[in-house]
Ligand SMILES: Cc1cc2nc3c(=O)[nH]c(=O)nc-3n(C[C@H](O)[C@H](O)[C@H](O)COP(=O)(O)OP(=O)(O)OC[C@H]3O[C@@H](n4cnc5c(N)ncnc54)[C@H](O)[C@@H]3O)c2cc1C
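Just the one chain here, laid out as structure tokens, in the form predicted alone.
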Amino acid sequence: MELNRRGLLQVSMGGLVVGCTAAPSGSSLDGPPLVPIRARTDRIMDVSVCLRPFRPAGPRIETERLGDMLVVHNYGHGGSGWSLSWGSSAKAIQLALQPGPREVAVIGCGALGLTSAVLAQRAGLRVTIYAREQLPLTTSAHATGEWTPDSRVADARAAAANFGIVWEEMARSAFKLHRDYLGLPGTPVEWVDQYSVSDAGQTGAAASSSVARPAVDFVHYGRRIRDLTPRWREVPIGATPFKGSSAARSEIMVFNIAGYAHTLMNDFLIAGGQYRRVDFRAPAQIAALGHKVVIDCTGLGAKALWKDETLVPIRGQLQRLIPQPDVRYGLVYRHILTVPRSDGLIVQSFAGGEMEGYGETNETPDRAEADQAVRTLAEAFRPGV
């Protein structure tokens, strides 16, 4: 099975466990007992919506001249911004170093902006971040928080022929740098078990939108980096608290967004970085800064700022339940993804499959969608467990 949310959802939607390495029949689960999730709608403490920046050709990592200024673009990662951040930013820094600057400006303070800034500092440059908001108020703050480096990152029909090679380089580079944040205060990065439960005969939650969407052939690259994570293994459903016909388990890297954001911003400031609050509306405002090199990490904002009409928003809504520290596993069940983060249990519906939210610009949270997702999650557990 490929390493991504897409594969998990295909398992859940299809009612079958496919492509996993089977455990011997009759084997039991290792580790502590699984604590059921307290999935109740009155435990929803936040419902948020973000618009992910998807480019059919894949992330834009290239240079452009703005007068005497070199602009290095680093945006358009779809649902893989956090996952690819360090690898993508490393490529952006390579381009930024070519003119030999002593300092750079970074536009944007989300996952790509902060990782670009930190890597620029590590390369010996003085860095100033210019952005309207710091990370807790950016789109990056509303990410699911799973390591999913090929989540809606490109359209196979529009990506360059060598994009798979470039993607793999970014994914492997990012994976190594994410590992450096394991075990730090605030637990910015950690590994957790993840289960996919099939429930034969169930169709899952109703689709949250009836919007007609064009078909997109999203790239599937998980097999290229299969060596980085454990294989999926079938587990005996009776040894779990789950209600279903079969289950599989693997392990996945999770980003506790609040802690990760705090750690990155502190690292940046401690290393002498400066932050300036600016809301850019036109490239001329960026040119007026007078920097020799600028790294552009504006995400979906690049559509208006740089007139990049290839960018497509992908709406995603997250429900956050009150933290449940004794739940240390993720779960996919009937189109519902649950991620156990220290800042809350993340619940997300993918009733519309990969095309869920494609092209939608509505950022208003839908409480009915949130309640339905949590109710469906509650049905994953056997009564009395």
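These numbers were taken from a predicted model, which means no experiment stands behind them. Don't overthink the numbering: it's just position in the shown sequence, from 1.
The protein also exists as the form predicted in complex with the named molecule; that form is not presented, and the subsequent description refers to it.
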Counting any non-hydrogen atom inside 4.5 Å, which residue from I61, L321, C50, I37 sits next to the named molecule in the predicted complex? C50
So which of V189, A131, L264, V294 reaches within 4.5 angstroms of the named molecule in the predicted complex, heavy atom to heavy atom? A131
I'd like to check something about G316: if you look in the predicted complex, is any of its heavy atoms closer than or equal to 4.5 Å to a heavy atom of the named molecule? yes
Using a 4.5 angstroms cut-off on non-hydrogen atoms, would I225 count as touching the named molecule in the predicted complex? no
Give a yes or no for V278: in the predicted complex, does one of its heavy atoms lie within 4.5 Å of a heavy atom belonging to the named molecule? yes
Are any of the heavy atoms in T144 no more than 4.5 Å from a heavy atom of the named molecule in the predicted complex? yes
Given that the partner is absent here, state which listed stretch (192 to 200, 109 to 117, 240 to 248, 164 to 172) has heavy atoms within 4.5 Å of the named molecule in the predicted complex. 109 to 117
Heavy atoms within 4.5 Å of the named molecule in the predicted complex is the criterion; list the residues of 79 to 95 that meet it. G79, S80, G81, W82, S83
